[in-house]
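Below sits a lone chain in C-alpha cells, taken as the form predicted alone.
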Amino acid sequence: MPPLLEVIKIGKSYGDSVKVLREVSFQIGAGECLGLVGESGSGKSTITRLILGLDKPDSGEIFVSGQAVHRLKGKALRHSRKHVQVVFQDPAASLNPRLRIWKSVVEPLENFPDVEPKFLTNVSGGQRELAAALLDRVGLGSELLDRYPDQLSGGQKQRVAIARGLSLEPKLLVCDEPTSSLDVSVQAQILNLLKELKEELGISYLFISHDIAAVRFMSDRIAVLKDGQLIDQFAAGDLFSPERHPYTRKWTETPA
C-alpha cells in the first residue's frame, strides 16, 4: 500500500539565513506510528506546521493519501485538514477557556458537519451526546461535560484534547510533545491511552518528542532530527543497535 503520509525533501528557511529544515524525507504507513525525536530547535515544530498546512515548505513535497497538500489553498486546504489532526504540548493553551468541555470536544465538527465518527456506536441525540461518547472513549465521565478547562487537571485536559482530535476521525494524528507538560505518573496514563487508541482504531501517529523512552514505547519506527536534518531512521527495536548514527547513540545515553 502507498504511504499515508509522505514527506519528500522538504526545506524551510525563515529570513535570509535561518535554515530550519534541509531536505527532510520520511513516510508513515496506515496504522503506523513514527517517532520523531530531536533537541529543542532541531526543526520538530516546523515539520508539524508544514504537515498541518499552517505553513508552506520552501522546497520539497508533502502528500497525505496521495494528495499534494503543500499545493492546496482555500477550501481544498481546509477540507484536507480533517484528515490530519493534532494534539499539542500544552492542553491548557489549546482549549478555549470560555467554552464548556462538551463544546470544545465537538468544535471541529462545526466546521465539518458531514463527518460522523464511525468508531462511535449507539450514539443518539445531538452534539452533547456525541461529546459524552468521545469523552468516554478517552476515559472521562459525562460529569465533565459542563465544566470549563480550568476546572480540570492537566491529564484530564489532555484527554479532552485527544477526544477533540479524534472527533473528525482523522487518518493521521500528530502528537506534538503530548506528555511533556504533565506529571510523570500522568504521562504514562496518556501514553497508554494513545497506544490503545492506535491499536483499536488503526489510526496513524506522528509522535514528536524529546523523550526517547516515550518515543520507543509508542513507535514502530524512529527518526532522529538534528539541526534540521534527519540523520537516522530505524525500527524502534533497533534503537540501541551498534549500527546507529553516533549522534543517536550519544543522544540516547543523555536525552535532550
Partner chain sequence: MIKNPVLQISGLSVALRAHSGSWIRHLVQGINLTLYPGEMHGLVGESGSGKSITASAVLGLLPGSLGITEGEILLNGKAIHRLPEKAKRRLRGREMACIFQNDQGSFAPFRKIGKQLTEALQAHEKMSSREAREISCEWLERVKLPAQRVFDSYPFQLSGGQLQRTSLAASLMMKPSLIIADEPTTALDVLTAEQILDLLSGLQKKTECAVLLISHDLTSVLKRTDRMSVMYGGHLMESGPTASVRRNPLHPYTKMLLKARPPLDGFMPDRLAAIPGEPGAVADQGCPFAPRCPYRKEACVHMPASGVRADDHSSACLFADPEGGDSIAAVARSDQDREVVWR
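Positions refer to the first chain, counted from 1. Nothing here was measured: the structure is a model prediction, and the numbers come from that model.
Another form exists, predicted together with the partner chain; not displayed. Remarks below refer to it.
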Exercise for review: Look up in the model of the complex whether residue 211 has a non-hydrogen atom within 4.5 angstroms of the partner chain, and give yes or no.
Suggested key: yes
Check your understanding: With a 4.5 Å heavy atom cut-off, would you call residue 76 a contact of the partner chain in the model of the complex?
Key -> no
Review point. Is there any non-hydrogen atom of residue 234 lying within 4.5 Å of the partner chain in the model of the complex?
Key: no
Review point. Does the partner chain get within 4.5 angstroms of any non-hydrogen atom of residue 189 in the model of the complex?
Key: yes
Exercise for review: Sort through 196, 55, 61, 58 and report the residue having a heavy atom within 4.5 Å of the partner chain in the model of the complex.
Suggested key: 196
Revision key, fill the gap. Counting only non-hydrogen atoms, the one stretch of 47-55, 213-221, 25-33, 65-73 within 4.5 angstroms of the partner chain in the model of the complex is 213-221
Review point. For 28-67: residues with a non-hydrogen atom within 4.5 angstroms of the partner chain in the model of the complex?
Key: 39, 40
